[in-house]
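Two forms of the same protein chain are encoded below as structure tokens; each is given separately, as structure 1 and structure 2.
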Structure 1
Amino acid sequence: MPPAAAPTRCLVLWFPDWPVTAWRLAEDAPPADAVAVVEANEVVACSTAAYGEGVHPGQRRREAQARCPELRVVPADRLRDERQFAPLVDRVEQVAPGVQVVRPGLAALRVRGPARYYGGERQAATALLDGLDDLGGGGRAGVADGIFTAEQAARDADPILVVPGGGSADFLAPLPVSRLGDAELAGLLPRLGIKRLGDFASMDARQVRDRFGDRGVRLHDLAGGRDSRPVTARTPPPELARQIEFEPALTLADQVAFSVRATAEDFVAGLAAANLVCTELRVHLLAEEGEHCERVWLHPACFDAAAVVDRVRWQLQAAAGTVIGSGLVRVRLEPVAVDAISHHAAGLFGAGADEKVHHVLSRVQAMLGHEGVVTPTIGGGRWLAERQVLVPWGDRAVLPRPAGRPWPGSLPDPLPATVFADRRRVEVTDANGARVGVDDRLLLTGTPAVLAIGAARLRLAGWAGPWPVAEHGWDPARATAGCRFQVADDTGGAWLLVLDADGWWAEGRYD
């Protein structure tokens, strides 16, 4: 086996509990709050205030809330972590290029160049941390041979720790084996009496391979300070986001839309220069009093400048007076999802039918507003009216009641072709004109013979039911109950009826 490459002298920047910091930056929340970021009901990061109350990563959500009743629980969001970490990486690259993002909150770079420029490794680390104070701060720096050792140094730094060259093994030796980041070994090795990295590193490499395989050998090398991984610098992505600031602040949506048009054209042109188009757009609005509003918009095809301006105007109109109460000072446009521009090029013989539909509906929506053009989708639920969900053109359907879940008591296929948004009052009587009802044992008080809808009286040729439906019986404010019937009249029509405490209703019609 060829000898492993010598460890690279690295500088690692580590920001403790970055998911909490990323959430705080995104929401502009005060740092003093007790916050825990949770994934799969387990705490993955928490704020300093939460640590003070006994909350720590690895706890179950319920245990953390029991220790700190005022704890604010935030769901994990890797995209948010990456998005908020990107400005810090950009700032580091302005000072020292060649940065590798190990994960959001942890970045590494070769220290040789910055150390020469700033006159030493500690001086270089100080310069980098000082340059990040206004973007989040709270970072620590570790310098050592290899990324792993430098990361451990950063975790123990206050705020900078430099491990002398060739001293990685001695520095790592007293650290617990849990620092390897392997849950299986962290649980097994202490039971074997191996609690420190130095103990694990002193084991024979062949025995480690026999017991733990290649994974164990790699961790064995890390424990001994033999981290041969190179620093793989990222290729900085092109700057595709655009923003515009207003001085003085603007208060009218039409003023903002007019002012942002040039920025929108520049945004689309920047994407085109990179042979890209935007299919999902994030619009961030910042107001004079610190209020902010952020939303991700979708487009059935791709955004042009006019579509971008429309989204800015719609978002401001929806937020004005509720989320935003003062004048607007900044609009930021960020592409969330992009696609190759070649996939959206016009066809050789003109636009196809789908493109024409996109164009027409988008133009109508631009004239009528965001909710002026809607498309239907089927949601979940037990009542037909709530299963009809209208989604603004271009938006992703966010169903209040997902269709994929089981809904006991819901109507099976085939469903009525016509569903009444507001149930229609009807009456069902027997042959003698007496109203038909249902007793406590779900037995009919008579045989349905006539269906009265307004002035029309239809004779029934057949009927089926009742099928009881009850929801939210534990909540009187939301409780609903009734019995469904399917009836067919002698003209060939079929109806879906509901009988509840208020009488008979027509829920839909089979056409």
Structure 2
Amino acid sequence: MPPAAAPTRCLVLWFPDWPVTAWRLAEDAPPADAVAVVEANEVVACSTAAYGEGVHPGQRRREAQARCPELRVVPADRLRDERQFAPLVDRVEQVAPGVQVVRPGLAALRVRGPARYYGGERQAATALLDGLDDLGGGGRAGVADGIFTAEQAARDADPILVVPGGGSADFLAPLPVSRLGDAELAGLLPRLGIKRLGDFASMDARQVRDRFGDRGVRLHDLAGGRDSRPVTARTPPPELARQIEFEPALTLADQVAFSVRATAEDFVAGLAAANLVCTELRVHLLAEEGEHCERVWLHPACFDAAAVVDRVRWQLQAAAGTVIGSGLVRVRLEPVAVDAISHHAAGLFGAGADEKVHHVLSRVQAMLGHEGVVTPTIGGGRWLAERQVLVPWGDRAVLPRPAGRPWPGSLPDPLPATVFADRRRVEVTDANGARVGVDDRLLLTGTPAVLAIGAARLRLAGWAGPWPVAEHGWDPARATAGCRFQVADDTGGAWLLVLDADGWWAEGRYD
């Protein structure tokens, strides 16, 4: 084993309970709520309010909810943590270069340069924290020899703690062994009578190796303030997002589409320079009066400049008049998902059949709008129209109701070949012309004899029903109730009818 290098002087920025902060930043939630981020039924992080109620990391979810009934439980999302931490890292890099992201919520950098520039380690830490003030997070800074010691200093900081050079061992000595972050040692050492890092550090290194192996030796070094890990500064990633500002604000979608073309080309070229293509794109529109509209667009293959411009236009057309009421001042294009460009290169002998299909369907989509070309998917539900979900070409199918459930009350085969998206108004009468209805006991008030659709009057040759369907009886906003009937007319047609509080409707036609 090579001799351990002397620990470098480090500054660590620590953001307590970062998963909670990240969720709050992503959801724009108020900071006062009791929130717990939970992974595998165990609390990973929780907010100050939740701490106050007795919730703490490592607790089981049910126990946390018992302690604090109003606790808001949020599933852990590593990507969200990373995404929300990125702007902070960017800001830190503006103040001092060479940042290592240890994990989301914990960043380290070599302090020598900033300390010299800002006139002292404390001043450098103050400058960094001041720079992050407006991004939220409530960061703390610790300065010490080595990342581990600096992290421990940041945990005890309020909000800055500087451990003088060479004082690591003295600083760490009174801390509990659980600070090593190793569950096995944290459980075992106190039972051996070793409760503080100082006790552990004073053990003989050979004995530690014999008992705990290499990992034990490493932790033993950490406890003694001999953290040999250097700070590995990250290379700032290339800026792939692009934006364009309009001055004065643009009011016509065509103007925007025309102006955004160059930006879109730049966006695609920037990705291509990094050997990437964009498969998922976030378009952010900002209008003059502060309204904004954001949407993620998918592409079955990858976005080229024209496809990006189309998405901007569609989003603008959908948002105009509803979400956005004034002129547009900014369009921002961000890649959400990228793929290696080599996966999307055209084949040597031309593109495959599906590629051609995609090109043509995209062209029709550009002609008619995003919803112009759809593929059907079957979802769950009881009514025919809500079971068939039309997914715009290129989008991911999102089923509002899961398809795999039994859905009692849904119809078996054969099903109507014609399903009216908006039910048609019809009328069913008995032989005397009186309207047929059902009473509270689902008994018919007459025998259906005539079906009137618009001006046409069809004599019924057979009928079956009523089959009651009642949904969401507990929620007045979503509640639907009705009785289904199948009727066959004497011209050879058959209909699926619904009788609800508003009268008779045709849901579908068997043709």
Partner chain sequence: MSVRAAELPSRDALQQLVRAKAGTAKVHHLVPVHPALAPLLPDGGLRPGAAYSVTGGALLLTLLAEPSAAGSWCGVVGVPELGAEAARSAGVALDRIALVPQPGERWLSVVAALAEVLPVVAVRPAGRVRDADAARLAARLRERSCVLLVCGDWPRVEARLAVDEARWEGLGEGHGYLSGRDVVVSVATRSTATPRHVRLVLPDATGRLSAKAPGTGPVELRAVG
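Throughout, residue numbering runs from 1 along the sequence of structure 1. Since the model is a prediction, treat every value here as computed from it, not as a measurement. Take the two forms, find the largest set of C-alpha atoms that superpose within 1.5 Å, and that set is the rigid core.
The form predicted in complex with the partner chain is represented by structure 2; structure 1 is the other form. Once you line up the core between structure 1 and structure 2, the Cα of P57 stays within less than 2 Å of where it was. Once the rigid core is overlaid between structure 1 and structure 2, Q486 counts among the residues whose Cα shifts by 2 Å or more. Once the rigid core is used as the reference frame, the Cα position of R110 differs between structure 1 and structure 2 by less than 2 Å. Its Cα shifted by 7.7 Å, A318 is compared between structure 1 and structure 2 on a rigid core fit. Aligning the rigid core leaves the CA of P448 displaced by 27.7 Å between structure 1 and structure 2.
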